[in-house]
Each structure stands twice: as C-alpha cells, then as structure tokens.
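Quick heads-up: it's one chain on its own, the form predicted on its own, in structure tokens.
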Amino acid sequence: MSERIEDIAIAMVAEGQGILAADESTGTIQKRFDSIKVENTEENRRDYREMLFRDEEAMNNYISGVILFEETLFQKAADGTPFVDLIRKAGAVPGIKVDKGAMPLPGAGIETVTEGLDGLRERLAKYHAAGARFAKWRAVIAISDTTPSHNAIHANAHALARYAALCQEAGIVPIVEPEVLMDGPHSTHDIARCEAVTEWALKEQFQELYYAGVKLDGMILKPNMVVPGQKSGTSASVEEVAERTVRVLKNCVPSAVPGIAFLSGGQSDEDATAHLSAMNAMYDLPWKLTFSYGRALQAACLSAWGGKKENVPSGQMAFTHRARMNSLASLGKWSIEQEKSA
C-alpha cells in the first residue's frame, strides 16, 4: 500500500467501490444488537464484525476502506488474525473513528460541537502504528426554527479543519464529515432548507480547511445528501435529490478533492442507493461520488445473522447484496430491476 496520503485517498474511492462504516460506538452497537436481541459483549461484537470482514466477495470487489471503532482496530478474529490484516488482505484500507462525540455547545440550545482534539496527535501516532491509514470525524448540524447558528457551523468547521491537519501530519487521510441532520421539526425542514444549510456548512468548511493548510488532494469529504427532513411531511423525487445535492457540491467543493463518500443519514437502504446512482448517471463530475454507509450496508445483514453462527452465510449474502447494489450506484448503473432480481 502506498504511503502518500494522496494515493491512499485515491484508493479509498476506487472505481466501483466504497467505504464500510463499521465504527459504531459501544452504545450504538448496543441499539443494533437490541434490535435482534443479541447481548452486547466484546465476543459478539467481534463475531459480527468478523462476519463482515471475512465476506470475500463483498470485501474484495466492493469495499475500498473500513472505518473501525478503536476497540476493533486492535481486535483479532477468533483464529487470532488481526482485523487490520483481514481488511488489508482484501485490498481495503483500514481506518479509524477518532472523534469523541458531539457535546452541547455552551448556551446554544440543541446545537453541538464535536470534541476530541485534545491528545489527538498522540492518538493518531498510535493508530498509524496499528495500521490505520485514514480517520473519520463527524460534526452534526441541526436544523430547527432557530438553528443552525453561525457559531455552531463555524465551531464545527474549525474543529474538523484542525483534526484534518493533524491527520495529514500523521500520514493519515482525513474523512471530513459535516452532517446536516435530516430529523429537524416539520415546520422548517423541507428540501430547500436542507440545501441552503448544507451549502452554508460546506462553504464554511472549505474556508476553514484552507486556513488550516489542509491538502485537498489528501482528504475525502463525507457529506449528507440534500433531502427533506424526516418530519417535514414532504418528499422529493430521486431526480430532485440528485439535482440539488450536485448543485451544492458544485458550488462548494473544489475539484482537487479526489472523492466524495456520502453518508446515508437515516435514509432507507434503497433510497440511499437510488440517490447515489442518479447523481452518477445524470452528471459528469470532477470527483468520484461513492458511499460511506453504516446502517444502509449492514441493516439487512444484521437481521439475517441474528447473532447465530449458523446464520453467518446468510448474513454475508445480505451484506454482499447491499455492497454490490451500492457499487453499481457508484458507477451510475443501479436499477430497481437489479435490486429485485437479486
């Protein structure tokens, strides 16, 4: 594997491949396991992730990188093989979630700022030594009648830029993730409002990255798609989501950025795939557009597995199917017929 961050970034958005977000915190995996009535133990977390990483068809053909939680970066499979080695063997890049979560922004109501900069330089050196070659930091922007404020957008953009600069110093590619949430209250959060806030957040983000001296060709952007809020009572066609999302990206993202790996952000598995495919099919763009999905790659797999060893092949089949559908979407070649035929 090349050690230039520019080359690692290009490998992370390889043609027809995308990023598996397997970086659920212990609290988040608890919710996932609760849904299938599986106890949240270290052994069960290991078995679940080993099922994903040993799915040769999905990992070799459709997955270019895997975001890990800190525990998983240092974990070994049941036979003693480090997970990092399993991921590398499949030709994918191991990565690590490094933020410490969104915390309340003082005096700002529902708004948050993501923490984790203290001690990050030392942690990145440890993660690099363990094999991680990219990192992820998620900022969260909430839409309501009174938010977002410039304070929240700026604080998060500034923290993301500082994180990105520290990553590049450590030889690690930063995934920059400013997520505009889709769960705002109904009165304010239609698709037009999402577009305006997403554009504002991305404009501020690239300004801060410039000030911090971040090399744009050695980073990946992980934005939300422009969609109506879940509680807005409105909907948008696949074509409208594609059109508005691409318009924002063209207005905000320099062409030096090698790739944009979307988060699914609460969309259904199929919607996240359809929207990505439409963008790639309808527009000629300067960046690779691909996926960096967690739940939208894993939900069907988790249900099929159900915590039982004998269900591992079924779980892997479900994971392979979703990874393949999203691979087609990253090429603009997905269709509802392929979804159904599988």
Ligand code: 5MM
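One rule holds for the numbers: they count along the sequence shown, beginning at 1. All of these numbers come straight from a predicted model, not from anything done at the bench.
The same protein also has a form predicted in complex with the ligand, omitted here; what follows describes it.
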- Heavy atom distance at most 4.5 Å to the ligand in the model of the complex, all of E6, R88 and H128: no
- Among R138, K203, R123, R162, just one has a heavy atom within 4.5 Å of the ligand in the model of the complex, namely R138
- Task: Please pick, from P82, G265, G116, G171, the one residue with any non-hydrogen atom lying within 4.5 angstroms of the ligand in the model of the complex.
- Result: G265
- Item | Stretch in contact, per heavy atom within 4.5 angstroms of the ligand in the model of the complex, of 176 to 184, 226 to 234, 213 to 221, 106 to 114 | 176 to 184
- Report whether the minimum heavy atom distance between K97 and the ligand in the model of the complex is within 4.5 Å. yes
- Does the 4.5 Å heavy atom contact test between N44 and the ligand in the model of the complex come out positive? no
- Indicate whether T290 is a 4.5 Å heavy atom neighbour of the ligand in the model of the complex. no
- Item | Heavy atom of G294 within 4.5 Å of the ligand in the model of the complex | yes
- Task: For the stretch 223 to 251, return the residues whose heavy atoms include at least one within 4.5 Å of the ligand in the model of the complex, in the order they occur.
- Result: none
